[in-house]
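Next up: a single chain in structure tokens, the form predicted alone.
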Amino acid sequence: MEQEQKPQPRPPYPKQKQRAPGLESKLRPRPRFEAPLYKASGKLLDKRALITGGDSGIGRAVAVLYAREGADVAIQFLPSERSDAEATRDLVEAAGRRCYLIEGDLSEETFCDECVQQAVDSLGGLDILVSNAAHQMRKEKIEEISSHEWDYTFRVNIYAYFHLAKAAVHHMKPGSAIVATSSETGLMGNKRLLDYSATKGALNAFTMSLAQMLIDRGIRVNAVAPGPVWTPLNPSDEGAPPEKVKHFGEDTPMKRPAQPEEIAPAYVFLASDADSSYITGVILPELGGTTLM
């Protein structure tokens, strides 16, 4: 019999705060990534994927679904996120696929190059790049955003995407795919996420432009733009006090944030030639009922 969708957790959540970048293991309620209703069909059989920020949140859910679809994965993470990364590795291996851990800081150009090379060496090649890792810190006023914070947000959110894609395409063959994580803030802006929103807007333009550049090489490039998603990014945002975290996502039409398991199938869709061979240069919104027109 077909399973029914269990109700997703709704705010209010417990008040909570973490130090950036945060750990999924400490988040309450725990984000849902299992996607029990998802039925795999070998869409990514023997593909090799690098997923940045693959330790938790959307990245973990994508890694798990990719493994269930037959892909081997390498996941990038920061040193403080190792425990989450090891848990994700266990989940991928439980699905019968290989998972390699790559520790380092994407704000450093040299590491971006090393990250891709480590993935290629570990997996024996590269077919899919998921540029997912991000940094955000809410600020109430433009005067509160330091030059260092502005620069770091850009280096993690858009510079790293450029460096990773530049290194990855050297190893990719026709039929490969790049999928980036954008945000509703890159489509509509957010007055408390000025720098983050700017990076996501840049990411969207870069995605559409790179897609045109790589068409002749048979590499498709797309992005997913979620609304609020329940991940460690939320309680570890210094500008989000526990009272705000308690009500995170309530202002969407669905009155809740998405769970990672609800967002991750789009990454399978955009990586799979079986589903999206004629789709490139698209920013796919997943906004919980918010409309753009």
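Just so it is clear, the structure is predicted and the values come from calculations on it, not from any experiment. Start at 1 and count along the sequence shown; that's the residue number.
A second form of this protein, the form predicted in complex with ligand NAD, is not displayed here; the remarks below concern that form.
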| item | value |
| --- | --- |
| Interface residue in the predicted bound form among V268, V229, V245, V64, criterion: non-hydrogen atom within 4.5 angstroms of ligand NAD | V229 |
| Close approach of L233 to ligand NAD in the predicted bound form, 4.5 Å, heavy atom | yes |
| Contact flag, S107 vs ligand NAD in the predicted bound form, heavy atom cut 4.5 Å | yes |
| Proximity of E81 to ligand NAD in the predicted bound form, heavy atoms at 4.5 Å | yes |
| Ligand NAD contact at T207 in the predicted bound form, heavy atom, 4.5 Å | no |
| Proximity to ligand NAD in the predicted bound form (heavy atom, within 4.5 Å), stretch among 179-187, 209-217, 88-96, 117-125 | 179-187 |
| Residues within 4.5 Å of ligand NAD in the predicted bound form, restricted to 184-211 and counted by heavy atom | Y196, K200 |
